[in-house]
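Shown here is one chain on its own, the form predicted alone, set out as C-alpha cells.
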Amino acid sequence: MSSPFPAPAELLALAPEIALGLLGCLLLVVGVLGRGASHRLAAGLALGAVGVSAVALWAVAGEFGGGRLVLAASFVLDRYALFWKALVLVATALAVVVSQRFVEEGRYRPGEYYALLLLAGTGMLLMASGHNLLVLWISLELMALASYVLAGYFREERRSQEAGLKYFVLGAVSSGILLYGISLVYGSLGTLRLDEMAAAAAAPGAADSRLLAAGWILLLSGLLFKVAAAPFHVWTPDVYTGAPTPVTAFLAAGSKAISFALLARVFVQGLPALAAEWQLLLAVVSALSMVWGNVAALTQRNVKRMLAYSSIAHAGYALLGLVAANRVGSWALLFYLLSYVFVTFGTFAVVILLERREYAGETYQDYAGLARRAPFLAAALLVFLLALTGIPPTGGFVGKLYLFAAAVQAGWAWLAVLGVLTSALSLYYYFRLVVWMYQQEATETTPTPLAAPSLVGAIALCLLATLALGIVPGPFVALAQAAALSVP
C-alpha cells in the first residue's frame, strides 16, 4: 500500500520554495515579537532567506536538471523551471536591496514588509514549476495576495490605499475569470495536467468544442491581466503610481516576468494543438499593447505613470515570442525578459533615489540637472532608457531584435514592423527625461539624491547586466536556448 505522504526526494525537489516560504513566515513572526527586528536585521534576514533558497535551487538543479515530474505530476522540474526560479530569486533579492532605504525612512514594521516580499517570491517559484492548472492558480494567488498588501503598504497614504484596493478588486475579478476558464477546460478535456491536456486537445474533434474554446479564451484573459497587456491593463497606471516605488519595481519586473513564464507554459505545453487560434488572439493583444502603451505614455507628466504605460507596451513586445510560436520566439522571450528585469529594477532604483515624503521623484522637473548633481545616476538612467527604447549596445536592443526576427520568421512581419514603429515612437517620452537630466538646470525645489550605498550597488549591478546582455549576448542566448520550451 502506497504512503499518502510525498517521498523525501519529492520534497527535496521543492526545497527552494519550502525554504523561502518557511523563512518568510519566520521573519513575519520575528517582526511582531516585542519591538520586532531592526530594519537592517530584517533586510539581512530576508537576503539570507533568498541565499538559502538559492543554495537549495543549486542542489535541486544538480539532482533534477534533466527534468522530472513530482507530487503526482503537479510540478515539473526542467531547465525552463530552473531558469525562471533563478530569475525570481534575483528579482526578490533586488527588491529587498532597493527597499532598504524606503523601509528605514518609513513608519512601518520592516519584518512584515520583507516577509510579504518573500511570500510573493515563494508563489513565483511555485508558478515556475506548476504542471497542473489548479496548482498554477493556487501559486498565482499566493503571489497575488502578497502583492495586494504590498501595493497598499503606505496605509496612511490615500494613493497607496487606492492602489491596493484597485489591485485587489480587479485582481479578484481576473482570478475568478481564470478559475472559471480552468473549470471549462477541465470539463472539456477531463484533466488539469498540461501533458494530458495537450494529448486530449489534439484528439480528433476536440478543437471544435465550444466549451473548450470558451475555457481557453477565459484562461488567456485571466493570464493577460497578470502581464498587464491591453485591454487588460486598466489597473496598471494607478497601481504603479500609488504603490511604494520598490513594490512597483517588483511588480513591473518580477511579477510580469513570471506571469509570462506561466502563460507560455500553459499554452505552448498545454494547448499546442490550438496554436492557430490563440496565436491570432495574442497577435491582436500584442498590437493593441504596443500601440496603446506607447501612445498613452506620450501624454504622461508623471514619470512612474509613464513607466507604467511603457510596461504595457513591453508586454506587447514580449508577446511576439508567443505569437511566433517557433524555436527562436521561445528562447527570445526568455532573453528579453531576463534583460527586462535588470533594466526595470535599475530604472526604478534611480527613481527611488529621488524619493521625498515617501513617494519618489515623480515629475520630470525632479530630474532637472541630474547629470551635474549625480553624473553616475544620470548615465545609468540614460543606459536604461536606451535599453527600454531598444537601442544598442544594450540587452533591450538584442532582445527586441530576436523577438522581431522570430515574428518575421513565423509570418507575422506586420507585427514586427509595428513593433519597430512603436519603439521609435517611445524615443520621444523616454528622451524627454534625458533632456531634463542633461539640458535643464536644477532649481531650489529639485530634490538632491541622497547617499544610499545599497541602491547605488543595485543600480551598478543592473547597469553591468544591461550592457553585458547587449555587448556579449552569446552566453545569455545559449542559456536561454537551453532553457526554452520545446515548440512542436
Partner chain sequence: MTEPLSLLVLLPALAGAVGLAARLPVRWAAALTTAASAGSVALAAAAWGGADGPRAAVWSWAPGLGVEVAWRANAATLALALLVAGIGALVLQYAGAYFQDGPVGRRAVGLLALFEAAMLGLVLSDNLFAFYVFWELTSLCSYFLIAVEGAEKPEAHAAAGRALLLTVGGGLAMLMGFVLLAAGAGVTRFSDLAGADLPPGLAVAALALCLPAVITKSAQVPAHFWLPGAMAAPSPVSAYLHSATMVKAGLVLLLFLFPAFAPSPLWALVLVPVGAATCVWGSYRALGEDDVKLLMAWSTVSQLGLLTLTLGLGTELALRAATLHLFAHALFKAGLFLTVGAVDHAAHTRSLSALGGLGRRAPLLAGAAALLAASMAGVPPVVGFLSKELILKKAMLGEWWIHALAIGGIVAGSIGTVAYSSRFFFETFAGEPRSGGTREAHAPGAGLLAAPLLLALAVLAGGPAAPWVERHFLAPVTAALAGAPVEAVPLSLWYGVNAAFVLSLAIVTFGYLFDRWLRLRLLPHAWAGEEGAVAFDRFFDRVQRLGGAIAAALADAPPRIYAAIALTVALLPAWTRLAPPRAADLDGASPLAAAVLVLLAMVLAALLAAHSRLTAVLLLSAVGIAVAALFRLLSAPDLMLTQLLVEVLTTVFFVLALRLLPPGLPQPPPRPESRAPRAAVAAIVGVGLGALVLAVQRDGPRPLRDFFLRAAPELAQGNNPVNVVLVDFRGLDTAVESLVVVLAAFGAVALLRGTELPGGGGPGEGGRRGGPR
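Not measured: the values here are computed from a predicted model. Residue numbers count along the first chain shown, from 1.
Note that the form predicted together with its partner chain isn't included here; everything after this is about it.
- Every member of the trio Ile177, Leu427 and Gly474 reaches its partner chain in the predicted complex with some non-hydrogen atom inside 4.5 Å.
- This chain lacks the partner; the member of Leu140, Leu189, Ile352, Ala308 within 4.5 angstroms of its partner chain in the predicted complex by a non-hydrogen atom is Leu189.
- With the partner omitted here, the residue from Leu401, Ala273, Ala72, Ala379 that has a non-hydrogen atom within 4.5 angstroms of its partner chain in the predicted complex is Leu401.
- Of the stretches 343-351, 214-222, 82-90, 95-103, only 214-222 has residues with a heavy atom within 4.5 Å of its partner chain in the predicted complex.
- By the criterion of a heavy atom within 4.5 Å, Ala199 is excluded from the residues contacting its partner chain in the predicted complex.
- Although the partner is absent here, Arg68 lies well away from its partner chain in the predicted complex, with no heavy atom inside 4.5 Å.
- Heavy atoms of Val55 never reach within 4.5 Å of its partner chain in the predicted complex, leaving it off the interface.
- Within this chain, Tyr364 is remote from the site of its partner chain in the predicted complex, having no heavy atom within 4.5 Å.
- Residues of 294-329 placing a heavy atom within 4.5 Å of its partner chain in the predicted complex, in sequence order: Val295, Ala296, Leu298, Thr299, Gln300, Arg305, Tyr309.
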